[in-house]
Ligand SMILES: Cc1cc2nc3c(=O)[nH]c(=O)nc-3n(C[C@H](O)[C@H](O)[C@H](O)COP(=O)(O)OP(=O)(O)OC[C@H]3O[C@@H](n4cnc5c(N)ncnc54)[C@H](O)[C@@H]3O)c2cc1C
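Take a look at this one chain, the form predicted alone, written out in structure tokens.
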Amino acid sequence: MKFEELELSGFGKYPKAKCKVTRPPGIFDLRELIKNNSITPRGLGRSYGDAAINEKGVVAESTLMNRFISFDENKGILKCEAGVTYKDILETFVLRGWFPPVTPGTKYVTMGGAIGSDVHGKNHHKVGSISSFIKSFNILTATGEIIECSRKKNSDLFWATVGGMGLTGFILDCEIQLKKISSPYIYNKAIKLKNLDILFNKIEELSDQYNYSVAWIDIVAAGSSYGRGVLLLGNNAELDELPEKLKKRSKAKYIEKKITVPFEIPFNTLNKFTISLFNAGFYTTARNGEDFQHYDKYFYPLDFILDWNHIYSKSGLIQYQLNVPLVKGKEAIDKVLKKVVSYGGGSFLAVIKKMGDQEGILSFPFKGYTLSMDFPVKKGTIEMCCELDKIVLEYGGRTYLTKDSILDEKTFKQMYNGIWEKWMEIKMKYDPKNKFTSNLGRRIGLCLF
């Protein structure tokens, strides 16, 4: 088997580590790999931190295991290998009237990565995360055994793998229930809101009336405009709702238009001044109103800019996402935002969503509010994020492992208290020698060595 020595990172480009990388084409190669190595599964590397990095072993990419296996046209059940991406599914099935039931904010995610992160989307408050629609999967464990997992078969391994960050085994394939649609368009309703209090009131008032809900906020606006934002609500549009020109476009293959940031900007262009300018411009140009948006624009606006993470320079960024309970959720988020401002910080992109109930062990979501922000890595950033962790803990919340770069073992175990212990029991049952490990796993104490 061929290996390459590569410097790897997550999409945030922080941290980085030299890793031994291979791309096994099938089960036989994976079995041989596991015999003599500790491994980390990796899809397209879209987790932000070090979840798919392994400087003490091998990183096994799933990109060659990317075939569709079967599709039930009547029920919408797709069986595919773990390296199949959201992009693959969209390009193949949207024109046939099917759509992923849950999607993250980028289509450049493999199904193995989606399960390992138990990804959620703008409709979590209605339907939960991707695990709600995974019928079953086959996973290669540390012994070389292939185990079929579902809610009824080997359910302990099913729930440990969903949201388990690739630390229970190598997902080989999965069955996923797709969603029936009649058009590729989303009905979108935008509402400009003057401050944080009004924004939260509108989220509570309107979110449950729509399948999709997310609010962009300006975290650097001050005074009476503090926390101003735009609430975006949506539903899948029926074909007969669309104007004639969109009805015609619905039947044609979608052609993506892309721009790219071709190289890493050599210095950090993001500071309080430039972030303030961007946020003010976004809010000023936003309009109240309704329209129909193609799913690509609605769900994946940042995919339009290839390698957009280059704008954060070589230092990279930290994507910080928290979830806090509904009770005192606004108070907790208000406290977090003010802490960010006290450090002279800001976020190029900051969003708030209402979350629903969720099964799972290490799955990030639970009923509450989630806030996601991105910060350039510079002096004071790590210290600030550690202070944010304290606030999240104070309110009984947690941070998202898929985006995490800095969480320490003590803080993680406090955030996931009573949860990580149950997960560890299952991990030790199927992988007592820690064959499946990662920099993240070792950092937060989910891998013993």
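If you're wondering where the values come from, they're calculated on a predicted model, not measured in any experiment. Start at 1 with the first residue shown and count on from there.
In what follows, reference is made to the form predicted together with this ligand, a form of this protein that is not presented.
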For the chain shown here without its partner, which stretch in 48 to 56, 412 to 420, 387 to 395, 66 to 74 has non-hydrogen atoms within 4.5 angstroms of this ligand in the predicted bound form? 48 to 56
is_contact(Pro104, this ligand) in the predicted bound form, heavy atom dist at most 4.5 Å: yes
Would Thr399 count as a contact of this ligand in the predicted bound form, using a 4.5 angstroms cut-off between non-hydrogen atoms? no
Could you confirm whether Gly169 comes within 4.5 Å of this ligand in the predicted bound form, counting heavy atoms only? yes
With a 4.5 Å heavy atom cut-off, would you call Ala82 a contact of this ligand in the predicted bound form? yes
Met165, Ile203, Leu233, Ile333 - the one with a heavy atom within 4.5 Å of this ligand in the predicted bound form: Met165
Just to make sure I understand: among 105 to 130, which residues lie within 4.5 Å of this ligand in the predicted bound form, judging by heavy atoms? Gly105, Thr106, Tyr108, Val109, Thr110, Gly112, Gly113, Ala114, Gly116, Ser117, Val119, His120
